[in-house]
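For reference, the chain that follows is the form predicted on its own, supplied as structure tokens.
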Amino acid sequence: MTNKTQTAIDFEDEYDVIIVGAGPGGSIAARDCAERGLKTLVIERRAELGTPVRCGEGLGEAWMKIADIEYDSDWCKRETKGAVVYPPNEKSLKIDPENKGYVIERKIFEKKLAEQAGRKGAKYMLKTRAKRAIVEENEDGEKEVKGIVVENDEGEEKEYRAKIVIAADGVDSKIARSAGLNTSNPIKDMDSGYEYEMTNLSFTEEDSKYIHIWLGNDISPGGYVWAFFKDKDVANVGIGINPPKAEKSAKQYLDEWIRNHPEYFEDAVVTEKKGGGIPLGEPIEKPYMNGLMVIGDAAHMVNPIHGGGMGQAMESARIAAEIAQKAIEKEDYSAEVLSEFSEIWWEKRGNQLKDIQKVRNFAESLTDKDLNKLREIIGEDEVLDLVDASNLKKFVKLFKGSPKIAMKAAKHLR
């Protein structure tokens, strides 16, 4: 009898680490875990990585350095010099930060990350639904995640065991919830997004080197409209709104805004439609338990101001991989050991995001008149400090010239 030779599509029953979700966070975790010598499996429900796209596709160079990703012209479509922000009266403010960024092609980006992880030894199981975590009592009588139950595209269920599971499965993580962690997001902290990829836009060559942000309670209640350029006349044009504050759908607001700006869109052609939920609010306080760590959107690790989460997902993934290696070397997968993941992440990023949530609360309290006045008060450096939640107390003093705004700043930014 001949022994069966294992191929790329054969999977073992047990792994050191199982990662649920092959987005940027999941694949960075897979790459780092495999590079550290851990037997790694990634479970992904999609048949094709990178689709559907549900983001503006902007990525700062600083995040690329944090994630240890090199520039690649295959997915870095266009370098951005900065941003142009438009208050309701459209008296724009141009911002040129020190760190440049890129508008990427996420369909290619995610596949490239998976290729890197695969070269390090990680295995990918596509078109497979992670149905629930395997939770058992450990020797201390506590619940511990021991793996996951999956369902393949033929409806068959199978168990895969792991020393550690990393949940990177997006908004309201199914795996974390099935293990007993509360990852639900209150509706007030869940924005709705809709986006077109459009071509034949009528912006200038210089304009297309910047991302563009339009603010206003009438055009995008609780959010903003954006244009992120992939070429001089090709851009992602989208909107995020907070449904409790809105009277229409995100698509209806976006369509109305586009109709009101024929100077940009009269001859434009839609080549793709995208949409989805955007988790905001504060990150989960304890994104871990025995045998489980939760990263990225699944743990609400999203910037509350602009809704971007790719960078935070990749950063948290790298921390999780580091702690996974430590736990496996100790043969101790307890919450006590895995809590170091949370401690490091909160120190590096979590506390900043809590302060950025204060900025969001402040921004949502502003009327359109307030936003126009704010444009007169603050300049480029102040906008960058406000968005990064740097020294929030200074803004209470800065806004003294406008008592109404100052009162709102005192309430939200302290």
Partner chain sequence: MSLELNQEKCLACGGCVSLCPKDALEIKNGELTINHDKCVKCGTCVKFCPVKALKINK
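Residue numbers count along the first chain shown, from 1. The structure displayed is predicted, hence computed values, not measured ones.
Not on display, but discussed next: the form predicted together with the partner chain.
- Among the residues Trp257, Tyr124, Tyr160, Tyr194, the one placing a heavy atom within 4.5 Å of the partner chain in the predicted complex is Tyr194.
- The partner is absent here, but in the predicted complex a heavy atom of Ser184, alone among Asn217, Asn89, Ser184, Asn138, sits within 4.5 Å of the partner chain.
- Using a 4.5 Å cutoff between non-hydrogen atoms, Ala250 counts as a contact of the partner chain in the predicted complex.
- Contact annotation: Pro243 falls within 4.5 Å of the partner chain in the predicted complex, judged by heavy atom distances.
- When contacts are judged by a 4.5 Å heavy atom cut-off, Lys286 does not count as touching the partner chain in the predicted complex.
- Of the heavy atoms in Gly281, none are within 4.5 Å of the partner chain in the predicted complex.
- Comment: 164-172 is the region of 323-331, 164-172, 230-238, 203-211 lying near the partner chain in the predicted complex, near meaning a non-hydrogen atom within 4.5 Å.
- Proximity to the partner chain in the predicted complex holds for none of Arg31, Lys107 and Gly308, with the criterion being a heavy atom within 4.5 Å.
- Applying a 4.5 Å heavy atom cutoff to the partner chain in the predicted complex picks out Lys273, Lys274, Gly275, Gly276, Gly277 from 262-292, in order along the sequence.
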